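We begin with a single chain expressed as structure tokens, specifically the form predicted alone.
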């Protein structure tokens, strides 16, 4: 059992922290900007709520963060009252936020100055993956820090991998989002085409999902897409944030991402339709408007 702090109890962080407590058996202290949510977590899982990130992290062996963006991450880590104020030497800071590779490298350097390890460890699998403890975790870290932290991360993960030096986890998550964007657009176009052609979409998917066109998105989203229901996963607002990070990085490293840039624009169209909180499969709604 380790002493663990978890900062950020959104739709992902709340269940992830719960798995650290229940499945991992760790002593968990949480912090959330809305204190009532931290209190609710403590009541549900039997852990402790702290008034600041710094207090949550005091004496912790491992500190997890899962917040909104680069600035939120800086605020709860290196900002006033952030976790780096109180983290003890030898502890490890593990960031599960989807953020930029630049901020990951920045926090790695800041943590090292304090004698603290740092791992950028964005996750994939959505709310369902978090709730079921089967997330995929992509890590950028020094090998020794990764080896120490992996058994703790395993509490909420199905797959954990070390991708390279600090920043590599975030870069891998960017690739994940690039691939998802293209897959969902292709699936949306396929379903749209099939409907216009008068085909039974359920029969079509039953067949093609067993072949080369099959994907997680097809298996898990085709039915709700066909029914015009878009409340089953990662929200468009979040996806556009992620794709913005991807496209910024591509401008920096010279990568050419024409499909990703186009799908990002398509998501903007869905936002303009009022679909900000619809899930990413709602690209179909744009084609059917």
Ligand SMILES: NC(=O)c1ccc[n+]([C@@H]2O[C@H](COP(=O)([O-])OP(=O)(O)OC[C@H]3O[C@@H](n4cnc5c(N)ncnc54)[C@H](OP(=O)(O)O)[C@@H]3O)[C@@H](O)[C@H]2O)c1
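As the structure is a computational prediction, the values presented were derived from the model and not from experiment. Positions refer to the first chain, counted from 1.
Not pictured, yet referred to below: the form predicted together with the named molecule.
With the cut-off set at 4.5 Å between non-hydrogen atoms, does residue 85 touch the named molecule in the predicted complex?
Residue 85: no contact with the named molecule in the predicted complex.
Is it the case that residue 45, even though its partner is missing from this view, gets within 4.5 Å of the named molecule in the predicted complex, heavy atoms only?
Residue-level check for residue 45: no, no contact with the named molecule.
Is it the case that residue 126, even though its partner is missing from this view, gets within 4.5 Å of the named molecule in the predicted complex, heavy atoms only?
Close contact exists here: in the predicted complex, residue 126 approaches the named molecule to within 4.5 Å, heavy atoms only.
Does residue 10 reach the named molecule in the predicted complex, with heavy atoms at most 4.5 Å apart?
Yes, residue 10 lies within 4.5 Å of the named molecule in the predicted complex.
In the predicted complex, does every one of 33, 173 and 234 come within 4.5 Å of the named molecule, counting any heavy atom?
So, yes: the whole triplet contacts the named molecule.
Among 182-190, 126-134, 85-93, 107-115, which stretch has residues with heavy atoms no more than 4.5 Å from the named molecule in the predicted complex?
Result for this chain: 126-134.
Just to be sure I understand the contacts: of 66, 225, 57, 28, which is the one whose heavy atoms reach within 4.5 angstroms of the named molecule in the predicted complex?
Looking at 66, 225, 57, 28 one by one, just 66 meets the 4.5 Å heavy-atom criterion.
Using heavy atoms only and a 4.5 Å cut-off, determine which of 76, 205, 157, 103 is in contact with the named molecule in the predicted complex.
In short, 76.
Listed by sequence position, which residues of 89-111 have a non-hydrogen atom within 4.5 angstroms of the named molecule in the predicted complex?
Those in contact are 96, 97, 98.
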